[in-house]
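This document opens with one chain alone, in structure tokens, the form predicted alone.
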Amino acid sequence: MARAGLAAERVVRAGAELADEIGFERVTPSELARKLGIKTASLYSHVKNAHDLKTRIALLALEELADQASAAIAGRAGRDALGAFANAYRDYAFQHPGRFAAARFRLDAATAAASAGPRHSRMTRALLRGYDLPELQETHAVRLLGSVFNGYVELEMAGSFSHSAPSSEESWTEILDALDSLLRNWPASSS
């Protein structure tokens, strides 16, 4: 029987907060139970196991991130939309490092399809419509943006850019300008 006052949503939110505090990879049912001041067995009324807990945290993170990115790009196009979209991801990563890691947790195909993940892809493709890319090239561009955003943020969060000038903020702006230029001048397909 579920503990009074303890709901699955509360468990998942507490798990997300714990991920931000200690890192997503370190979130376990026993760590979460300790945070909530309950016995680990009590969690199993709300989540099946550690994988289920991590999956639910990932789903929450994907939803939050999609909401933040959607609000950021509303009414924008071109470089303005690209910057707002990229900054939404970067800001979320710094505000919620554990959740940002959770958003990249591997989900099974059915769970991924039902998650906010496809919403991220649709937003990226909508942003790319402002660049008039050939439809066949959009997938490449979606992957490029995801790789650059995630890679840069991961390196920045690890302190990789803190050892030399220019600042990581200056580099971020330059990179977004370079991406904008590339998207406006996408090379013709060689296939």
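Note that the structure is a prediction, hence the values are computed from the model and not measured. One-based numbering along the sequence shown.
The following text describes the form predicted in complex with a further copy of the same chain, which does not appear among the structures shown.
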| item | value |
| --- | --- |
| Close approach of Ile175 to a further copy of the same chain in the model of the complex, 4.5 Å, heavy atom | yes |
| a further copy of the same chain contact in the model of the complex: Met157, any heavy atom under 4.5 Å | yes |
| Arg34, heavy atom within 4.5 angstroms of a further copy of the same chain in the model of the complex | no |
| Any non-hydrogen atom of Tyr152 within 4.5 angstroms of a further copy of the same chain in the model of the complex | yes |
| In the model of the complex, the residue from Ala50, Ala66, Leu133, Val148 that sits within 4.5 Å of a further copy of the same chain by heavy atoms | Val148 |
| Among 34-42, 66-74, 52-60, 158-166, the region lying within 4.5 Å of a further copy of the same chain in the model of the complex by heavy atom distance | 158-166 |
| Non-hydrogen atom within 4.5 Å of a further copy of the same chain in the model of the complex for each of Arg106, Arg143 and Trp186 | yes |
